[in-house]
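Given as structure tokens, the chain that follows is alone and in the form predicted alone.
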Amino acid sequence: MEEPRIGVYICWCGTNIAKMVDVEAVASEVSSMPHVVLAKNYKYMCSDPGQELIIKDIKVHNLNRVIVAACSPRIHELTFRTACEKAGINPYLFEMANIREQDSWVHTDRSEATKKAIDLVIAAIRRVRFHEALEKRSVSVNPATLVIGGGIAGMTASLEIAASGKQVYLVEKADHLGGMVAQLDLTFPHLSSAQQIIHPLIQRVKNNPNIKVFLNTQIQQVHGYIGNFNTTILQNGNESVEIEFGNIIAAVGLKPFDPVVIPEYGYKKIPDVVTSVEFEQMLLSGLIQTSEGKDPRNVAIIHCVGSRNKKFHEYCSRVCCMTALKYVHQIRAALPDANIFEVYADMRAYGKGHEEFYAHTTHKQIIFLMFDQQTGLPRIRKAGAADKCNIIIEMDELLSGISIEVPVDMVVLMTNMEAHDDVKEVVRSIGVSLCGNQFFIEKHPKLDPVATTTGGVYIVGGCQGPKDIPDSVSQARAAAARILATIAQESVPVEVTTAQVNELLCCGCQTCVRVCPYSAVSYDESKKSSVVNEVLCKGCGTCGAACPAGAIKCKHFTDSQILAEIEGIMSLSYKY
């Protein structure tokens, strides 16, 4: 093994790090450590000049190990690995110390933060001495793509991929395409026809020779890995079809919350209390009428039904406020003399053109009434014979500070959007995870918002979280672009930092098989030992941590590397 020659680079990150950490002191402190050839600091290491500084030093000083102390490795580790590779050294001979998120951003004492930064850098120096050169690997890519969900996101992604001449399998569990958008009359904020958007899209999908549509279809367990997946789909409950594909897009969307579980609103018990989905059907029919066939004189629209409430769902469904304001325009156009009440908890208008739409709607002669989700929801009861209305809404009005009664003939409940009942079966079949709100978890919310931790599996549209049509379409096109890029390359890199089993130490307990979240470990009866499929393995380390015999090690996370790092982090107590 060659003698380590380590270059250490401390990033200022503008003032993000330098304001709380004395970066020059850190560089000075670690410069005298064994095997450290040089230690420098620079304002922005991730910038082109910063990367060029590393490349030049590697060549001039014959460095064979590099450390950058900067932000989270999740943000720029690949950047610096690429710089090392350009300079001619293996990218896995690089190590990154996080002195921003784990140090400068979480401390207020500059002296202590500087000491901690020194600890973190020393830990990286001790660790990088034990790094080994790892070779990149890749697998071929099947150019076909499986798209799960036939809403606007799924169809958009399908058309984008099919336009390049590649095969798409579009699977929809319902008997029609279109998803939630097919149930809408107008869209916000421009009040365009949703039907004129969705129906041409459906026809384009049906007429595209590169898209094979499966309706009334459920997917079974997906097997394989990025570039080489296969599954059996079940049509109409009994007909099985086997398909092979290289990538997956999940676009299963969301469903409306059922407000029958909120007793205050009397849904299904009091006539003329309808959900936003049911009201859309009225708008599509061109007739807004009560259950008695009369035009309502007073209409109330109640926001956050099932949203932002600890009893039901704590998250915001995003589209409800703007949809409620859209209803104001449609009701006013159909019933010019009607009184309209917007009963809201908060008005959230953060999309493009939404604030302007909100301001414009306030001039439509409507009455805004505010309630507090925490102190009590509005209460709906059937009106008496002398009330000259169908329904009475009792509420504690927040702005005026008084309890009021609102006489109305119709109530529209703006229902929350929530995950489908079978969402756990879907994520289990494609190997992705759910957050606490039952939304699909992306690989990184900012840097990789449509990918997942399972290579080759992408998430778009509502299943990743409630969103409007433009955001869903944007995500669909982003995922399609990512997939087309891998197809064009004909191969895709796979994880290098994978687990390895020492067959001589393996006791055959199969604990690793049970705990692996990626189904990458299997048991070989002939060898009486566990075996790792390195293409499926993501290097998470779960198997190595669980192995009672210590038979599994993970590349780039060996015992010697981890123990050296632990010793380094404690180094100031005994000055290394």
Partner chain sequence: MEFRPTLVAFLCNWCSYTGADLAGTSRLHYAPNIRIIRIMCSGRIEPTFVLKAFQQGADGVLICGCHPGDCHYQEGNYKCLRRYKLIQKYTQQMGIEKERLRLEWISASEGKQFAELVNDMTKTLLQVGPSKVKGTLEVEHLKK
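Positions refer to the first chain, counted from 1. Small disclaimer: the values here were computed from a predicted structure and weren't measured. Rigid core here is just the name for the largest C-alpha set that superposes within 1.5 Å across the two forms.
This next part talks about the form predicted together with the partner chain, which is not shown.
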For this session: Please check if residue 538 has a heavy atom lying within 4.5 Å of any heavy atom of the partner chain in the model of the complex.
Result: yes
Exercise. Does the partner chain come within 4.5 Å of any heavy atom of residue 82 in the model of the complex?
Worked result: no
Problem set entry | residue 428, heavy atom within 4.5 angstroms of the partner chain in the model of the complex | yes
For this session: Classify residue 318 as contacting or not contacting the partner chain in the model of the complex by the rule of any non-hydrogen atom within 4.5 angstroms, answering yes or no.
Result: no
Exercise. Okay, which stretch from 511-519, 24-32, 38-46, 525-533 lines the partner chain in the model of the complex, with non-hydrogen atoms inside 4.5 Å?
Worked result: 511-519
Exercise. Though the partner chain is not shown, can you say which of 453, 486, 498, 228 has a heavy atom within 4.5 Å of it in the model of the complex?
Worked result: 453
Seminar exercise, completed: in the model of the complex, the residue from 481, 441, 134, 78 with a non-hydrogen atom within 4.5 Å of the partner chain is 441
For this session: Check, residue by residue, if 101, 106 and 433 all come within 4.5 Å of the partner chain in the model of the complex, counting heavy atoms only.
Result: yes
Exercise. For the stretch 543-562, which residues lie within 4.5 Å of the partner chain in the model of the complex by non-hydrogen atom distance?
Worked result: 544, 545, 546, 554, 557, 558, 559, 562
For this session: Please check if residue 482 moves between this form and the one not shown, taking a CA shift of 2 Å or more relative to the superposed core as movement.
Result: no
For this session: Taking the rigid core as the superposition reference, indicate whether the CA of residue 104 shifts 2 angstroms or more between this form and the one not shown.
Result: yes
Exercise. Against the rigid core, is the Cα displacement of residue 74 between this form and the one not shown at least 2 Å?
Worked result: yes
